[in-house]
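Only one chain is included here, represented as structure tokens and corresponding to the form predicted alone.
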């Protein structure tokens, strides 16, 4: 029998950390000044759910998106009100339809799978690698069926999935890739930012992430057509498609996923 003093806390032993950590405040004078300037402008949101200049939001949102695109080295960055919304938009932008299958990790927050269910598609769980907890490419390939349309690779705890192997599998089978890099903004994979090697990637701006806006998310892509579909799903697509001249109406039921 081990004594109480040598047991792990999990098994009834003493706790190594006896009191909660002091909450860290990541907001400083620059953030306070920026928020104050927006409040004093009297314009807290400039999105309009119709086709026109304000369809893409106001100057602060666009400025932030340009800064994100430049930082991550992608053509387009699209903000949303949460990364859960970002995942829903990403799956929809790929044209995933009812009955389609999307391979995803089971070792992740529930939104990775429920974003697939949102479009009446089927999440198919592949196994994870024991050292990274990211998708195991061998398991991914073993789970591909005639109904598979995409792979959602989740970058867990700041560690990128094996995108080279997953991209090779996707190319062999004609599949798309979504990178759920909620936990990995700034992580690198072979000289490029995690999330930028997929057809659509992105990051969470939830309050306990590396960079936060309270709630929010950033989608990134190098595909202009996908970027526009993401913008449509973000902002009431059904009210915009006619005036914008959209001809592919797949998944063009939109939402209010707008970030301020």
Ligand SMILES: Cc1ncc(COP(=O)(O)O)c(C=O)c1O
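Remember, it's a predicted structure, so these values are computed and weren't measured experimentally. Numbering follows the first chain given and starts at 1.
Just so you know, the form predicted together with the named molecule exists too; it's not on screen, but the next bit is about it.
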query	finding
Interface stretch in the predicted complex with the named molecule - options 120-128, 159-167, 92-100, 175-183, non-hydrogen atom within 4.5 Å	175-183
4.5 angstroms heavy atom contact with the named molecule in the predicted complex for residue 87	yes
Distance check, residue 150 to the named molecule in the predicted complex, heavy atom within 4.5 Å	no
Contact flag, residue 57 vs the named molecule in the predicted complex, heavy atom cut 4.5 Å	no
The named molecule contact at residue 132 in the predicted complex, heavy atom, 4.5 Å	no
One residue of 116, 140, 77, 154 in contact with the named molecule, assessed in the predicted complex (non-hydrogen atom, 4.5 angstroms)	154
Heavy atom contacts to the named molecule in the predicted complex at 4.5 Å, residues of 231-253 in sequence order	none
